[in-house]
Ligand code: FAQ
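Before any questions on how it binds or moves, here is one chain, the form predicted on its own, in structure tokens.
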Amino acid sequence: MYTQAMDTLGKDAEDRKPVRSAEQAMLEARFDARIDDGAFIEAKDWMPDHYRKTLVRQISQHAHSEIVGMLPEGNWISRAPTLKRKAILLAKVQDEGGHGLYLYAAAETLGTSRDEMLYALHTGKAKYSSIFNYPTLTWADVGAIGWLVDGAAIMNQVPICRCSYAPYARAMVRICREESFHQRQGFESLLTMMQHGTEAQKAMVQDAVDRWWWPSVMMFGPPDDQSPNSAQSMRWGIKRISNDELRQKFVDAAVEQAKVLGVTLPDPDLKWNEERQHHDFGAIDWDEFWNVIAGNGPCNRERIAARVKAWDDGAWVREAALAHAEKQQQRFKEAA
């Protein structure tokens, strides 16, 4: 759902380019030529180590975000106001689990195991989108997440359908279709409350928008000049559009959608710039962003604790599945 975290990590010392052999230089030249031609890279193709590491980091953190992202909304499944809303939310949370599965599978094609990726998440070595470290206080938060958070995710993810790494690009096609549904259902939920709800419900929607707006704007990652990995990722075709460009597209779209909803976006500096043909917006509190990334957000510890508990509680299922697979394999060998 969210690819922000690839831009929040510094360069690893091990990623610095070593001295290359003539053969290595030739392979890199061929790889660069394929990237320049817009060709897709498949799992079996040769690729630079840093390209592989960058993809593992981005795809696994994207997968972590999908899985952790189930938690804030799952909190409201048992408290949805109607059966219809419960069914919609159940379907959405199920979709997010599926997205995580697609993405973990795509990352595994790069030679890393799912156990390794989840260990990195559970021990804090891997990041996930900072947006999921905020609490869902009211039912309107579910709609705000659909409209704003999933709306920002779509801006981020549609360009990844053209990512140079083919398994990732293919996974993103289905994910983006489903995220588009999530964004529409969130918007529709808020619109229903604003058009047919009580004054208290309308105030609830405005309060949710006030709390989720700035974290959603931050989802695109730090400014381009402070994003250590963006330039190389764009050179390789992993990213297609820069953080700041995506953020601007999101703001421009959200302003018009907010008018339809009848809500006010909590930014007094938000206004149309005729010369730029874009909306100007206020300063982002990057101190808050980095503080949440560092693990000090309102729900960081709660989210990781929930994931670790789910992993531990599900150990018997994994063990049973492995035992069954081993028995099936043994029976197949005996039959052969």
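Note that the structure is predicted; figures quoted are calculated from it, not measured. All residue numbers refer to positions in the sequence shown, first residue = 1.
Not pictured, yet referred to below: the form predicted in complex with ligand FAQ.
K.L.:
Once the site C-alphas are superposed and ligand FAQ is modelled as in the predicted bound form, is the result open or blocked, blocked being 3 or more ligand atoms within 2.4 Å of any backbone or C-beta atom of this form?
P.N.:
If you fit ligand FAQ onto this chain using the C-alphas around its site, the pocket comes out blocked.
K.L.:
Give a yes or no on whether every one of Val149, Ser230 and Phe289 sits within 4.5 angstroms of ligand FAQ in the predicted bound form by heavy atom.
P.N.:
Yes: each residue has a heavy atom within 4.5 Å of the partner.
K.L.:
Which among 67 to 75, 110 to 118, 260 to 268, 195 to 203 is in contact with ligand FAQ in the predicted bound form, heavy atoms within 4.5 angstroms?
P.N.:
Going through the listed ranges, the match is 67 to 75.
K.L.:
Scan Tyr104, Tyr165, Trp213, Tyr128 and let me know which has any heavy atom within 4.5 Å of ligand FAQ in the predicted bound form.
P.N.:
Residue within 4.5 Å of the partner: Tyr128.
K.L.:
Taking any heavy atom pair closer than or equal to 4.5 Å as contact, tell me whether Ile293 reaches ligand FAQ in the predicted bound form.
P.N.:
Contact check for Ile293: yes, within 4.5 Å of ligand FAQ in the predicted bound form.
K.L.:
Would Ser189 sit within 4.5 Å of ligand FAQ in the predicted bound form, counting heavy atoms only?
P.N.:
Ser189: no, not in contact with ligand FAQ in the predicted bound form.
K.L.:
Heavy atoms within 4.5 Å of ligand FAQ in the predicted bound form: does Met218 have any?
P.N.:
Contact with ligand FAQ, yes.
K.L.:
Determine whether any heavy atom of Pro222 comes within 4.5 Å of a heavy atom of ligand FAQ in the predicted bound form, and answer yes or no.
P.N.:
Pro222 belongs to the contact set for ligand FAQ.
K.L.:
Counting only heavy atoms, which residues in 131 to 154 are within 4.5 Å of ligand FAQ in the predicted bound form?
P.N.:
Residues within 4.5 Å: Phe132, Ile145, Val149, Asp150, Ala153.
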